[in-house]
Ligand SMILES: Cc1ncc(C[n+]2csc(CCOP(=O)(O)OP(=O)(O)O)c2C)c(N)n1
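Next up: a single chain in structure tokens, the form predicted on its own.
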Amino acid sequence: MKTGGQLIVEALEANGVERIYSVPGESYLAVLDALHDSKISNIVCRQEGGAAMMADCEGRLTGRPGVCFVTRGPGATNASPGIHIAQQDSNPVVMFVGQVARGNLEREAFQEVDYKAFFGSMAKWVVEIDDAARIPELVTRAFSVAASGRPGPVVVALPEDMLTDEVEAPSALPFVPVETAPGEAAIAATVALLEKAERPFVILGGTRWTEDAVDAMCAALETWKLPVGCSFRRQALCDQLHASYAGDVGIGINPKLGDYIKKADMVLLVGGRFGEMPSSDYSLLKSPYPDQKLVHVYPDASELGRVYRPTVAINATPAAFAQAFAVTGPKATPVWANRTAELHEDYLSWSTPPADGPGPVKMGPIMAWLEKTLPEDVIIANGAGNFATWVHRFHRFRRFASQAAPTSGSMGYGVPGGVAAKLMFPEREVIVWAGDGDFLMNGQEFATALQYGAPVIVVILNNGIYGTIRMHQEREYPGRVSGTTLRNPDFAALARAYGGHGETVERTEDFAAAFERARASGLPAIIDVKLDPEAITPTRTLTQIREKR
């Protein structure tokens, strides 16, 4: 006889869970008690949104479902941003939520929420376990649903009294990942289209990749001399110094690359859905009928033909497709080989930081210094805002699982994502790239970094505004500033108050020494970079946007 709480923990262990992210609550005390006797690490967070984002980051960087536990009511609603990120970014997450006792359901009891109604439109599956004997079955099923097909979040509700029931139940067995592979006919059709093409292009995106799959895909690109781009915030899917790499297919795409894709006669889209942001509002590939012949490879059949009508639809995981495609090759040197080299040179030019800019802190030289200094396997985590442009455009990602950033455009992701990344990969350097508004949405997870010894370096580009919204505001309503000004704390002092290392940078030439001191401290660190609000983009100032110059 075991309690529901014990069965939950045993099911986690059976499914290979090494750590969970949580904010404790009285609604799942029985699980917390069972964790006391487990080898699973419980990373206690400061807010449920941070816990859910950490779980998302684990799913993002490892491909295994990240796990978080939150309490009922406000705990669950606080966690919803992380669930939305996992949905839009197709990352496997299993979130366990406390629930009121079964006998009090439907009375609007204390902190009661109908989780199926609340999470139903953003989770792959929402289940409430009302019989403790079914815990092994339903928890393993939750892992399977989260990781299969198009990955995503699963929400498991746990009535408080169910967790203290003592029942007999079978031992949990681990979920079995489902790998779908392309058939010979699909590969042959892809090769046939390539052999007829003159201006092909490859776009890599989505999840369910592995390091071996990325290596296989890059080898195939070299064999075929195919130009390739990575979808928005999927830049770790190809070494950016690979001879075929043509750039990030995301927000603010290189105009030359965007023009090439529009005029391509064939596009091979592997692993991604190619939604509104990477497709430049569905202008690079027109929805539902692209101008280009489209081969769409995706692990979930329900997505094939949903947004784009493909010429060839291949229901396969990116990993399986990459392995199959890697053994093919052209009969002769492709006619587009020289253009691939030109596109790569265009990318190198586009990703070279500017030397100048407004204000005493110039981000171009700082980015150039970081590119010379950071190791190839550095992990960069960030949320959303104009500040992220400096990373997306000017940092050249070299290794798999090195980018932790939400394609959903959610602010506040960088700090929790960076903490989770450092806990998973303690041997790798982890940089959190944040804006001042972005940092303050989940910056309290800096305390989690201190508590668990995760020495991330947080670089805050502090311009005292919600930069992206101010940029749009100045473009649409010039000079009519409303709701975008911020008054910030002393971020370096805040880091020290937490027990970490703090630096303030007010001149370009001071950044390198501040960064090295942060590194040497061995502590979680914040570098507060005082950035002129005029430096809103790498190429245009706020004044130029306001005056439409």
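In this text, residue numbers run from 1 along the sequence as written. No experiment lies behind these values; they were computed from the predicted model shown.
From this point on, the text means the form predicted in complex with the named molecule, which you will not see here.
- At the 4.5 Å threshold, heavy atoms of N463 reach the named molecule in the predicted bound form.
- When contacts are judged by a 4.5 Å heavy atom cut-off, Q240 does not count as touching the named molecule in the predicted bound form.
- At a distance threshold of 4.5 angstroms between non-hydrogen atoms, F387 is in contact with the named molecule in the predicted bound form.
- Using a 4.5 angstroms threshold between heavy atoms, P227 stays clear of the named molecule in the predicted bound form.
- Contact with the named molecule in the predicted bound form, defined as a heavy atom within 4.5 Å, holds for exactly one of S402, N78, S148, S410, namely S410.
- Checking V361, A220, M441, A324 against the named molecule in the predicted bound form, a heavy atom within 4.5 Å turns up for just one residue: M441.
- Proximity to the named molecule in the predicted bound form, taken as heavy atoms within 4.5 Å, picks out 378-386 from the listed stretches 109-117, 378-386, 211-219, 265-273.
- The partner is not shown here, but in the predicted bound form the stretch 464-484 reaches within 4.5 angstroms of the named molecule through a heavy atom at I465, Y466, G467, T468, I469.
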